[in-house]
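As structure tokens, one chain now follows by itself in the form predicted alone.
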């Protein structure tokens, strides 16, 4: 749970990241959220080589070693507690609805005075529809606004009853060409585009987000196809273009996922404005 988030919706918000996602986007900044299993991160730049983590491990493992075997780790957290430099971190921890609700009650004063609320992100939050629904109900009881950020790749029937309880949806559209989408994310885009239409047809306010990447989707044909789709099927939705960044690179190293990291080019300010200009031609407003 991320406190004082100001980029994921109106006002001051608490962003809750739920683990699990059916896509494997090559530019993903949260690779630890691909699966729901616990994971142990090792931040090498913080390590003082005191070996207290290895001394604390019940399995006889050295979490700082290059040959650390996560298959043998029970993710009990003893090594994390033993590290004086906070070089170890557990990710994808389990939490109950009441624990989340208690956190939101503490943050409620910030929501109330800023017009903020809660934004669910991931991973893909709709991968956990039962838990998500219970937390949304807790938000409703507290009078807290609910926004959701989704990649759109989820089972509609399992999630459709949640939709009327959501105040705004950030909906990612990576690419309009199905095969290009599959090449860069591992899945086609038919179900994603269909889910976007279904959400829009329920009259839920929507902002389409595009992670803009030079080698992937920064071409005129794709941007015009996206704008035309929005104009025809998502009328009234706004657009937000997110320039590619490599802020997640350290995560791939910390979670020993370096082989899954792919580097791309970040669009220039001029390229960003050019892309926004295409959407303006289709009378699609920028997200404020």
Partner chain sequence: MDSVVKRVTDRIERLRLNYVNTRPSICCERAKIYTDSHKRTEGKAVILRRAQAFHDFCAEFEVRIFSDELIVGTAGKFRRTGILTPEYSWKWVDREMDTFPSRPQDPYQITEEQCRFVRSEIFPYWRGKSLEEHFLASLPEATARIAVDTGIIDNDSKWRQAVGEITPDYEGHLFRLGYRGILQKAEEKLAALDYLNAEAIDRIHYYQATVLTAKGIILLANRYADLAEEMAAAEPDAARAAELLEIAQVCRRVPEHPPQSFHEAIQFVWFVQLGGIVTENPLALNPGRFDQYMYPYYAADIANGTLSREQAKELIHALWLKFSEWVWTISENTTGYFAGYNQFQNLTVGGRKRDGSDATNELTYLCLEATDEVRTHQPGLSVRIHSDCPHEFLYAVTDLVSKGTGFPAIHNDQAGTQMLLQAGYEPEDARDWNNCGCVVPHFRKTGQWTSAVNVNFAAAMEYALNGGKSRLTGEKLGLPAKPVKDYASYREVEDAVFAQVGNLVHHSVISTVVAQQLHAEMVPRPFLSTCIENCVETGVDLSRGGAKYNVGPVLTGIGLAVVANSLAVIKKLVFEDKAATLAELDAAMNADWEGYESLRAKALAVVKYGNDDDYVDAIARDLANTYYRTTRSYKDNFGSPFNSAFMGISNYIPTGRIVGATPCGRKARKPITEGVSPYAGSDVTSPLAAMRSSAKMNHDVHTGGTLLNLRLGEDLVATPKGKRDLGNVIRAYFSLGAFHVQFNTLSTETLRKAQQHPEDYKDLLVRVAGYSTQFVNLSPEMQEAIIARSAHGTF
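Positions refer to the first chain, counted from 1. All figures in this text were calculated on a predicted structure; none of them were measured in a lab.
Same protein, other form: the form predicted together with its partner chain, not shown, and the subject of what follows.
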Legend entry - The unique member of 134, 95, 114, 89 whose heavy atoms fall within 4.5 Å of its partner chain in the predicted complex: 114
Inset, instruction - State the residue from 190, 130, 99, 109 whose non-hydrogen atoms include one within 4.5 Å of its partner chain in the predicted complex. - result: 109
Legend entry - its partner chain in the predicted complex reached by all of 155, 160 and 267, non-hydrogen atom within 4.5 Å: no
Legend entry - in the predicted complex, residue 285 touching its partner chain (heavy atom, 4.5 Å): no
Legend entry - Non-hydrogen atom contact residue 281 with its partner chain in the predicted complex at 4.5 angstroms: no
Inset, instruction - Answer with yes or no whether residue 11 is in contact with its partner chain in the predicted complex, where contact means some heavy atom within 4.5 Å. - result: yes
Legend entry - Contact test in the predicted complex: residue 231 vs its partner chain, heavy atoms, 4.5 Å: no
Legend entry - Contacts with its partner chain in the predicted complex - residues in 26 to 56 whose heavy atoms fall within 4.5 Å: 52
